[in-house]
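First, one chain by itself: the form predicted on its own, in structure tokens.
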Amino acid sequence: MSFFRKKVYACSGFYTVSLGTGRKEFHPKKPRPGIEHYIKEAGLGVIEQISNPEHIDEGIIGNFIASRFCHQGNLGGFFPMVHDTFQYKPCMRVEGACDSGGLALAAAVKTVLADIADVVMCLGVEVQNTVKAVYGADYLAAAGWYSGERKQGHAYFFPDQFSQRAGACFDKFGYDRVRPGMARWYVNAIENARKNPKAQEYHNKNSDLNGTGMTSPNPKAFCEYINVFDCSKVSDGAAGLLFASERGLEKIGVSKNDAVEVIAYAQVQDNLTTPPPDLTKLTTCEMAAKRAYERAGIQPKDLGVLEVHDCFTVAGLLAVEAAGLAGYGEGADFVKDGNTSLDGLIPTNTSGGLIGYGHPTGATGVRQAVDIVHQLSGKAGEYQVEISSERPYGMLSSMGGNDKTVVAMIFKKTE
């Protein structure tokens, strides 16, 4: 029996360039597009793929912290700017730290399932290159328990949170086993990003990626167990995707062959005021994945493609384990053996992931969904992977905070 009461489809995905350090056109001292520009660009990129945008019933915008980075709230008010026919249509903004985009996906699916709308435009957006890195790190610390953790925390709060996870993994599984796995994750991310013209690391010409990935940490300048290359970059960008019922697809002129089916999702919330139960596990991500698999009636081995939230390289290793693709403590070996590469057992983060494409936080969950939809519909371009009829599924895992807010969503290639 299907988990959903009716069929829901995703289609017409689009995302912008992830702008920030590494892109040739980025200059920190020159004017750059504002948040409203990115919302409109992503929205128009979606609309250009359909026949009748007036049949889009409402919008949902995922965003983490525009009120700090851009001094901007009320983001739903930018929805009518995207297209004239959106005037006076409903739109709301949702927030769940780095999982804001994932929550936007879940909200869009629920709206279609509730028969409130036949077509929902789901957007995710963030503009973060507005302040110095150390100030931005403080803003992003709001993804954790700010009043309980921030005062005693590291200047680079979230990098330190995942640095401690890396240190715990080194202690438990061995530095010589884990560190090369983190470096290989970095190598894969940059190599995939080089195939994606919109990726922040697209212009990266480094000839020794593994050597860079193995760079020793500098605790005096950054964190104890990770280097800056283990981190996703500060990014500006947006992503958009449509969710529709069968009737909705007809109304906007999209064939089922140009869409993919959403078959299940799980949204899981951990207590923000408690520390992780085990620094060597992404417990909430694991719970979300297990629930999503159960609701979809599939197993990890049925996936043809995967998107995980690699805000840091160690998070990528732990996320692969949480998704059930590698056993506990075996994520580094699984990655080193090439299983997550484009031609591997389970191609993962095929467009570069957060490390390679970039991490405009509120946009990331939506961008992950766009990449899954592109892969399953054969529209991923140079980084397209083979999707077999035996493994027609793709899953994303979008994480907010230190494994606190998670959405896992499973899609299926249409037949």
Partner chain sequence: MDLDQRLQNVTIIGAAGKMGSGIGVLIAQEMARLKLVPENKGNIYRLNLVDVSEEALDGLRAYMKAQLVKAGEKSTVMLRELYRHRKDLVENSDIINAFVDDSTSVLNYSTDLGIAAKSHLIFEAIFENEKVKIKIYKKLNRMCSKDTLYLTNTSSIPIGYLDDSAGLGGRLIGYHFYNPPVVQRLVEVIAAKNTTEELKAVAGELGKRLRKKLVPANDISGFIGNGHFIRDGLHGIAEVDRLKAKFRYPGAVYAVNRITQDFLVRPMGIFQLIDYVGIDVFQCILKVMRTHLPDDSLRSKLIDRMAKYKVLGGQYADGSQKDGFLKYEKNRPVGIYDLRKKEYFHISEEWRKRMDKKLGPLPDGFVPWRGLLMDSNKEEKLRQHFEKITAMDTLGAQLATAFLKKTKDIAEGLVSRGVANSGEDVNAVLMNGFFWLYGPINNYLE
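Every value quoted in this text rests on a predicted model; they were computed, and no experiment measured them. Positions refer to the first chain, counted from 1.
Beyond what is shown, the protein has a form predicted together with the partner chain; the following relates to that form.
Contact with the partner chain in the predicted complex holds for none of Lys6, His55 and Ile116, as no heavy atom of theirs lies within 4.5 Å. Interface membership of Asp138, defined by any non-hydrogen atom within 4.5 Å of the partner chain in the predicted complex, is confirmed. Interface membership of Gly76, defined by any non-hydrogen atom within 4.5 Å of the partner chain in the predicted complex, is ruled out. In the predicted complex, the partner chain sits within 4.5 Å of a heavy atom of Tyr146. Contact between Lys205 and the partner chain in the predicted complex is not found at the 4.5 Å heavy atom cutoff. Among Gly211, Pro197, Pro80, Pro219, the residue placing a heavy atom within 4.5 Å of the partner chain in the predicted complex is Pro219. A heavy atom within 4.5 Å of the partner chain in the predicted complex is found for exactly one of Lys89, His154, Arg177, Arg295: His154. Heavy atoms within 4.5 Å of the partner chain in the predicted complex are found in exactly one of 308-316, 331-339, 128-136, 280-288, that being 128-136. Residues of 7-39 are not found to place any heavy atom within 4.5 Å of the partner chain in the predicted complex.
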